[in-house]
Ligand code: ADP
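Before any questions on how it binds or moves, here is one chain, the form predicted on its own, in structure tokens.
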């Protein structure tokens, strides 16, 4: 039986190195159930390393991380987690598989051996396709649809087990602005509609600021972690990024004037 927890993800003094290079250094934070957290930072700041470590795909040099109260390295209930890594479309783009088949494959990791699909899986596949807004292209080959539609197919695949935690690593990197906006809008509805906890790794700080409830800014160390409102009101954040960049992320910029949230 699954244990109900309020803290879905926790990191305590995480440190990860690649040779002499320190990717993560003393990283600590926690994410509660139902939060939509955008993980942001410059290139090489450790964002992908962080999510891979949280998911037990990288071993830390020191420190610890947990999922649903269990150490990441020991966690096994993967039906509770949906994960969309970088460049997923490139892996399957030339495969002779339909969108429906790609989505259905998301059911297999949570099943015991021998893993196979059954006739009763159709309902779950349809629900995932509808949630991602691609039910109308279910029978198209994955390589024949647009990049935005491919990303929605892999989002549906990550959603098919109705995960409690959804982790997305740069899902909008190759999308045009309109497609990216629609994609993020779909994700942003999940916490309210399904109670999903979302971690979104992104370079797109302006779009993240529009949709996320919480922000984690990483530069090997945690520069900021907290609510969007605290981010927009923080003088420390303004000192780190500069006032204009902060206002752009908060969608309250007025050409560099005072942030409205900090006005008296």
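Just so we're clear, the structure is a prediction, and the values are computed from it rather than from any experiment. Residue numbers count along the first chain shown, from 1.
The form predicted in complex with the named molecule exists for this protein as well; it is not shown, and the discussion that follows is about that form.
**Q** Pick from 27-35, 45-53, 206-214, 64-72: which stretch has non-hydrogen atoms within 4.5 Å of the named molecule in the predicted complex?
**A** Going by heavy atoms within 4.5 Å, the stretch is 45-53.
**Q** So in the predicted complex, does residue 86 come within 4.5 Å of the named molecule, heavy atom to heavy atom?
**A** Contact with the named molecule, yes.
**Q** Does at least one non-hydrogen atom of residue 23 fall within 4.5 angstroms of the named molecule in the predicted complex?
**A** Taking the distances in the predicted complex, the answer for residue 23 is yes, it comes within 4.5 Å of the named molecule.
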